[in-house]
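Presented below, as structure tokens, is a lone chain in the form predicted alone.
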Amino acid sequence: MIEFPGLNILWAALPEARVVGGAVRDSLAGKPLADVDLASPLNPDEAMARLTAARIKSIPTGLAHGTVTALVEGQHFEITTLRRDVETDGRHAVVAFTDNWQEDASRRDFTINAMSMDRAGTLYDYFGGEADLHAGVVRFVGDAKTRIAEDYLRILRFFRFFARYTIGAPDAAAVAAIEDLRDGVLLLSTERVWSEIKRILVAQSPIAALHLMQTTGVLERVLPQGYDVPRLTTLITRRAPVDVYLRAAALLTGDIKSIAARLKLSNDEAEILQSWQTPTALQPTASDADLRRALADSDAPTLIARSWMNGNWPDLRARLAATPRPVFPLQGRDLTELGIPQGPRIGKILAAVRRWWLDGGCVASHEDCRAQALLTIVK
């Protein structure tokens, strides 16, 4: 039986609804539930009327596809009317409502995602999803090529779930279908591609999935600028934190600006990747002054990320984390107080004093820097 805040209140209003998809899969796998989705034989208008009668707020978030969202005890529940596909084009589907649970399950991607569970805890598993889950097999529902042709995003979703759940060799039918239809990923929006790549990367052990993406020809299609799976493997072998951008920085090769433009990365994402790929001059033997100089130009998380890219240096990372970031104590107003008029000269003097401050290990005080500024002015 699935336990989740607010679920019993929702079931009291919609007793015929079942929990579907990821919540069933993760519950059976003993994983924590982040959210819960339900399906119902009721059409959206009927479902919303039931919710309203139970004083549960509902939002018509996707009526064309039969989805409403219920808000219960601070939780959002998506409730979707049972559906069957009328027409698909490789990315979007035209659907019709049905009251047949197996028909609805048959349009889902993988057997482990096609299970449902009612309020009594009864599992409905039409395609052997529970057995596949326990065996560590990610298998398409029915014919793999048919499922992929309905929605080419399922190719990348396969690798995401492969990275999380597969034990041993991949399903042969899935691999063969992906090899035949791999060009379908070229039709996907770059935003969805990047979203799925990130989800693959945050799996505990994504390397087998990435190798399979290579051998099936998918990885070169979604990352044509280049990739370095061995570098990512080395990073993971060092037991670096499971950080999506650290792993992406290790995996991606080529010009980050071009990659960012192609995948439509946010400015923040592009800046992080560019910064973390920048080689670090710091070595484990770096002095305290070296660390302060480095921290004056980059924050500790950036330097720590770069260190993971360079080597397995726990002592250096610990020192970086424990060292306060020095702040150059002189500002432009200090120079105007010394009689220097506003203009380019102030910037030149500040830059000269800052170089002196860095050379000294970033320990000179405000007064020391003012005195150095006076010397610079005299020169």
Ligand code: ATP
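If you're wondering where the values come from, they're calculated on a predicted model, not measured in any experiment. A residue's number is simply how far along the shown sequence it sits, counting from 1.
Just so it is clear, the following notes concern the form predicted together with the named molecule, a form of the same protein that is not shown.
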query	finding
Any non-hydrogen atom of R18 within 4.5 angstroms of the named molecule in the predicted complex	no
Contact flag, R160 vs the named molecule in the predicted complex, heavy atom cut 4.5 Å	yes
R262 within 4.5 Å of the named molecule in the predicted complex, heavy atoms	no
Residue contact check: D151 to the named molecule in the predicted complex, 4.5 Å heavy atom	yes
Stretch in contact, per heavy atom within 4.5 angstroms of the named molecule in the predicted complex, of 318 to 326, 48 to 56, 22 to 30, 344 to 352	22 to 30
Contact residue in the predicted complex, from R119, R221, R164, K145 (heavy atom within 4.5 Å of the named molecule)	R164
Interface residue in the predicted complex among S275, S307, N113, T98, criterion: non-hydrogen atom within 4.5 angstroms of the named molecule	N113
